[in-house]
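Heads up, the chain below is alone and in the form predicted alone; it's given as C-alpha cells.
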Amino acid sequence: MKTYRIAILGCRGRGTAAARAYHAHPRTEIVGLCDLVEERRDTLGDEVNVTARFADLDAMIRQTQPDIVAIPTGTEFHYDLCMRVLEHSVHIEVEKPMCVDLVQADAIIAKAEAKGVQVAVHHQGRVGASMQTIARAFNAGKIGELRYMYGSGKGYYGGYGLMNIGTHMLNNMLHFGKRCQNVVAQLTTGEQPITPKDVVPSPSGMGTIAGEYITATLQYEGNVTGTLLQHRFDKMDTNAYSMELYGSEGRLFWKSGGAWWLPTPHYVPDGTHDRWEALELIYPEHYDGRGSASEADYWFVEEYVNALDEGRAHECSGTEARHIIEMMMGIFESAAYGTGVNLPQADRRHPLLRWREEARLETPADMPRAYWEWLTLE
C-alpha cells in the first residue's frame, strides 16, 4: 500500500507534535522540514531523522514532492500559507482554526477544490481515542435518540476561548449533531452585554473577538439542541473542558483521554442510578503508546491515510472546519445584533468588524500576542 510523503511547515510545538505522529505511522514518511529558524528545524530534524531541511517552503515542496504539507503555524499565518501551498496542488493539513473569518475560509476551500486536493484541519480531539469510544457507543444506540449536547472550555477569556478551544468543542459536537442551522448567543464583558467598543484583536493571532463570557445555544438538524460555554475563570481549569451527550435512554461524557456512559437519562443522585461506567478507549492497532506521538495526533494521521486511500474527505475536513467558523461567526453576530443567526450566512465578512464599522469606530488597536500579557492589558 502507498506510503504518503509528508512535509512539515513550522517546527515549533505543534509542528513537533505533528512530526512525531507522521514519523511514528507506518504509512507516512517525512521528506522535508521547513522553518525560518535554523535551530528549530535542526532540533526537530535530528529527532525524526530528516535531513532535508529548508527555510523556503516553495523550495521544500519542489525538491521533496510531498503528498501532504502540514501547516502547524500561528493562526494569523494560516490563510497566506494555505493559499501558497495549495498552488503546488498538494493536500494540506492546517492547525485549527483554519483561518480567522469566512472570507478566508471560502477562498481556501475554493482553491483546494480548483486544485483537486484535500484540506484537513487539525481537530485531533474529534478522531482521538476517547472520541472513537464515544462514537462507537453512540452508534451502538447506548443512549438512544440524541436530544441535547453540552460543551465547555477551559476558562480562557470567552472570545479567545471560542476561537482556540471552542473550535475543538464545536467540531466534537458537530460529529453528533450534524449541521448547525441556527445560533443564539449572549456575550458579556465586565458583567454587561458587549458593545462595539469591546471588539478587540485576539491573542495568538486568532482574528477579531469580543466577550469575556460566552453562552451560546445551537440548533442542529433533527431537533437536537446544544449549549456551548466559553466563560473566563480566574484560574484555568482543564477539567472543565468536556462534552456531554444527552439521549432518550442514557448519557455519554467525553474528556480528552476518557469516555463514560450513564445508562439512565434522568436520575435522582442516590448512588444507585447515577453511576457512570468508564468505557475502554479505542486505539489504532499499530499505535505504540510508549513512543513520543500523542494518540490523538496519531489517530489524525491514521484518518488522513484512510481518507486518501478511499478517495473521501478527512473527518476533520476543510468543509467541516468552515462550518465551525460559520458557527463561531454566528455566535459573535448573534450577540452583536441581538438576534438569532441562520447558517450559513449570506454576508461572509467578520460580523464584529462590520458592527464596529457601523458604529463609526476605527479598526481596533493592536494588542499583545501572548495571552497573559493580552489579558492584563484588556
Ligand SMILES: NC(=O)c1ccc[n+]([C@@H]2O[C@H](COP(=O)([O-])OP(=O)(O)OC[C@H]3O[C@@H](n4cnc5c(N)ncnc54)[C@H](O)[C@@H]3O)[C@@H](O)[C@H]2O)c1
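A quick note: this is a predicted structure, and the numbers were derived from the prediction, not measured. Each residue number is its position in the shown sequence, starting from 1.
What comes next is about the form predicted in complex with the named molecule, which is not displayed.
Here the chain stands alone, but in the model of the complex its contact with the named molecule, taken as any heavy atom within 4.5 Å, falls in 90-98 among 90-98, 284-292, 180-188, 140-148.
Proximity of Thr73 to the named molecule in the model of the complex: non-hydrogen atoms within 4.5 Å are present. The closest heavy atom approach of Arg12 to the named molecule in the model of the complex falls within 4.5 Å. For the chain shown alone, Asp35 is a contact residue for the named molecule in the model of the complex, at least one non-hydrogen atom being within 4.5 angstroms. None of the heavy atoms of Cys82 is located within 4.5 Å of the named molecule in the model of the complex. For the options Ser130, Gln124, Asn171, Ser202, the residue carrying a heavy atom within 4.5 angstroms of the named molecule in the model of the complex is Gln124. Out of the listed residues Met206, Ala120, Leu252, Leu86, Met206 is the one that sits within 4.5 Å of the named molecule in the model of the complex by at least one heavy atom.
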